[in-house]
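Okay, here we've got a single chain as structure tokens, the form predicted on its own, with questions on binding and movement later.
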Amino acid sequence: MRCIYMRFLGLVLLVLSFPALSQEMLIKDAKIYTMGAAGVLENTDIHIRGGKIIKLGKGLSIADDSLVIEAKGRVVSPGLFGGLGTVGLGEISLEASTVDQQLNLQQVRPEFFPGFAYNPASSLVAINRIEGVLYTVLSPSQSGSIIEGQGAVVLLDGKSTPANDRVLFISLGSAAMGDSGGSRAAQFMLLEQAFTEARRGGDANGHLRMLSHAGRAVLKQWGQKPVVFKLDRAADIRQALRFISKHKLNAAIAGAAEGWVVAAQLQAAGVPVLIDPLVNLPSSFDSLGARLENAALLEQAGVKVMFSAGGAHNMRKIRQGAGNAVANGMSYTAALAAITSVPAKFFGYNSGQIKTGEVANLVIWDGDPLEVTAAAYAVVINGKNTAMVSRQTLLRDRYLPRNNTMPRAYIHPGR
């Protein structure tokens, strides 16, 4: 036990000793994807102080004792959005004691917020961070209720807790029929009842109908706060858009495998989507229209697109999905925006662009960020250089011997 403790302590000291305490930094000679009106800036410097970008320009200089990172023409982008996920809420999916995003009370509890159990020390935080994913939106799930609960943006810096601003999650379609008496039609009946009760209170005697007092208070405050509806079928999306319009909700559709079918309606309603760009084949009768061109067709219709593949262990692969969307007709700018500026704006995250005054959450890449062969060269969070260390890199360095004359496939970990 003492040995395990000493190894953990050693890792903590390693991270703390990394040069991450500089309050002033200069990234020199970068190709900057600003994701804003400035577009792409070639051979440009980024001056960072107090955690924020204070200037963009060429030939900038800072004090001699400040940190300078020579980008040498490398691409710099805003930190990536990992999608809706459970990083910090579950370490091992099949080990119940490590899974905190699920509620099994068989009740409608919109006040459920798994963020209280978020663990910034989860090994999955660093694993995703060193590959450029700097923030995600925690996503709850709840048995017995189509209103799954609340999530929030969280910065994957290994110490931050979820933001105070919440996101409401609602699950519809065939996947939620078990939580609505086996009827898809009942889902909108239950939703209407829940939102009506929240705004009018209980029955004539003030008794509970469907929601707890806390649940009514939660739904009553939802208006301009983000709401995410999880569903795939085009017909269900149309019904959701009617509900969104009636209750004047600031909503997005997650899943949307058949989103391209109703792209015109989504655009007219101003409702963005969160889609998995790799979905190609139907996984249910709700997604019979699934196709790889979904993102491209939605973009062409003027719909704001965000990417989300869900989960926790592999959200770092989201940029590869964005690259596949480009290969299937989506513009490069829109694909990169789908994992940077678009989700940042919808969820209220303050680092979706690279511009003066923005918080400096940046990634320097050793190639095209949407290419599978590229990797993060350096990660800057809140204006500080971050150690490119995770549990995986430590295991790699420990068990792969150096200067071995045999090919890698023949190297035994014990040597």
Partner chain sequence: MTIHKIPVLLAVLLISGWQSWQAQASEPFPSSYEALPSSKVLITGATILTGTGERLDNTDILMANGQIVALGKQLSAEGAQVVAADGRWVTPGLIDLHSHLGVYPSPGLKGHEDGNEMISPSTPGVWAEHSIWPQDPGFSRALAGGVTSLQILPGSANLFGGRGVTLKNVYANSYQAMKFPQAPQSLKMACGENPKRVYGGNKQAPMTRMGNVSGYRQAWAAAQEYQQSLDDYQASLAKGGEDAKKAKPPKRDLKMETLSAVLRGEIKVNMHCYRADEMLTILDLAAEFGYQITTFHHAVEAYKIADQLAAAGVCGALWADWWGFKAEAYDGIQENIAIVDRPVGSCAIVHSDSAEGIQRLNQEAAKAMFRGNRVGMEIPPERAIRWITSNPAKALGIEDRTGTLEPGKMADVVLWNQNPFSVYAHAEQVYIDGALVFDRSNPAIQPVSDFELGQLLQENN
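Residue numbers count along the first chain shown, from 1. Quick caveat, the model's predicted, so the values are computed rather than measured.
The same protein has a further form, the form predicted in complex with its partner chain, not shown here; the description that follows concerns it.
Taking a 4.5 Å heavy atom cutoff to its partner chain in the predicted bound form, the contact residue among N250, S174, N280, Q300 is N280. With the partner removed from view, the residue among G201, G270, G289, G158 that has a non-hydrogen atom within 4.5 Å of its partner chain in the predicted bound form turns out to be G289. Note on the interface: of 142-150, 110-118, 185-193, 289-297, the segment with non-hydrogen atoms within 4.5 angstroms of its partner chain in the predicted bound form is 289-297. In the predicted bound form, its partner chain lies within 4.5 Å of some heavy atom of R316.
In the predicted bound form, at least one heavy atom of E258 sits within 4.5 Å of a heavy atom of its partner chain. Taking the partner from elsewhere, A234 is found to have a heavy atom lying within 4.5 Å of its partner chain in the predicted bound form.
Its partner chain is not shown here, and in the predicted bound form it never comes within 4.5 Å of any heavy atom of V227. For the three residues L94, A327 and R396, a heavy atom within 4.5 Å of its partner chain turns up in the predicted bound form in every case. The partner is not shown here, but in the predicted bound form the stretch 332-349 reaches within 4.5 angstroms of its partner chain through a heavy atom at Y332 alone.
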